[in-house]
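One chain is shown next in C-alpha cells, namely the form predicted alone.
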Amino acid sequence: MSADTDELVVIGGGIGGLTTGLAAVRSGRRVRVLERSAQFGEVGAGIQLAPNATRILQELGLLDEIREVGVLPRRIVLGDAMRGGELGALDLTDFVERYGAPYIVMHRSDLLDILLRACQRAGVALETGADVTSLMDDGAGVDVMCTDGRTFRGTAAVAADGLHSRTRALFSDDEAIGSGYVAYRGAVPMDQVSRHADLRDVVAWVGPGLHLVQYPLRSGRFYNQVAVFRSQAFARGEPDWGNPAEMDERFAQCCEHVRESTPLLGRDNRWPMYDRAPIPTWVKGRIGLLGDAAHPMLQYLAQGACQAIEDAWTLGAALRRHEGATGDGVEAALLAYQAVRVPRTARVQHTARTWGEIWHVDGVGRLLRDEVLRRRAADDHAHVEWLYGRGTDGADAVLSA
C-alpha cells in the first residue's frame, strides 16, 4: 500500500488523467496516475484542440511541442455530402489574437506522448496495469484497490476512467445512451491518398443521417478521416448494426468526393456513438469524477478531450485556491471544481446533441440549415464565443472565490 496520504490519486491515464496530473502538481501536491492497461496509450486517430484547450496546454508549457507535431488549419468548413461544395466556414486564422491560442489538429497518440513526458518531468508517479476495482473513503483519505491486490492511499481520488467508468456508479445508476450512430476512423500516410479536401482546412461533409470529417495530421504527413452514420439496423434492433457493409451502402448515395474517400477508412474498428445525460453531482467527500466519467458527450463539437483538459485545469486551480484551508482543503477544492464545471459541461453536452441533429437533418430543415450556413460570414463567432472565449474554463472563478 502507498502510505503517502498527501498524494492525489488519479484513476485513468488518458488525456484527462495525465492533464490532471500536471495541473495538480502545480498546486504543490504529489500525484499518482493509475492506468489499467499495460502501458499508457491512446486508441484512435485525429483530435481537434480548440483554443479553450490550447490556452491551457500553453499555460502548462506544452504548446510548442504540440505545434511541432500538429497542424494549424485555416478554416473549419461544412460541406454538402450529397451535392458537394461548401455550405459555410469559420475562419481560424485570427484565433491567437481573438482567443489567446490557436486551433490545432493532431494525432491523439502524439498528444498523449507529450503529456506523458511532461508528467515524467514533473515527477508525477505513473502506474500501469492498475485496474481499479473499488474505492473506500474513510474521511481522512481514500484507499484505491486494484485487481492485482495493490492498494494506493491518497488524500483524494479523481476518476478519469472514461464513458464506462466504474466509479460513476457511486454517483448515478444511469447507463450510457446509444445514439444509433457509429463511426469508422482512419489515418493514412498522405502518399496513399488519391483524393482529399483542401489540406489547409478541417472539412466536415454533412448529409442526412451521416457525415465525413477530413483533415491532415502530423505536419501534413498523414490524412485523417472519420465517417459517421445513423444505422437503420440499430433502429430495427439488429445485433450486427453499423457494420462496414451498412456504411458502404449509406455513403454510396453521397457526392463523388465523399464516395471516393471512404475506401481509405479502416473496417476493423467500429465505434458506436454514446453519451450520458448530465448529472448534478460529481463529488462525494474525497472522491470525484472528471472527463468522460463525469460528462461523456457526442463528438459534434469536437470537445470531449477539450472539456477534460478544462476539468483538469479547473481542479488544479481549485487545489491551489484551497491549499492551507481548514484540514487539507481537498474536499473544499473538489466542491469548488464541481460548482464551476457541472453547468459548463452540461451545456456542452446538450449543445453537442443539438449540433448533431443540425448536421444530420433532412427535408425542409436541411434546406433551412443550408440557407443559414450560406448567409453566415466566416468571421461570425456568435455561436462559438461562449465555448472558445477566454475565461470560459472556470479556473478564474475558483481562484477568485
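The numbering used is simple: start at 1 and walk along the sequence shown. Just so it is clear, the structure is predicted and the values come from calculations on it, not from any experiment.
Another form exists, predicted in complex with another copy of the chain; not displayed. Remarks below refer to it.
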Legend entry - Contact of Arg67 with another copy of the chain in the predicted complex (heavy atom, 4.5 Å): no
Legend entry - Close approach of Ser37 to another copy of the chain in the predicted complex, 4.5 Å, heavy atom: no
Inset, instruction - Verify the contact flag for Gly365: yes if a non-hydrogen atom of it lies within 4.5 Å of a non-hydrogen atom of another copy of the chain in the predicted complex, no if not. - result: yes
Inset, instruction - Indicate whether another copy of the chain has at least one heavy atom within 4.5 Å of a heavy atom of Arg369 in the predicted complex. - result: yes
Legend entry - Partner-proximal stretch of 27-35, 352-360, 50-58, 339-347 relative to another copy of the chain in the predicted complex, 4.5 angstroms, heavy atom: 352-360
Legend entry - Heavy atom within 4.5 Å of another copy of the chain in the predicted complex - qualifying residues of 376-390: Arg376, Asp380
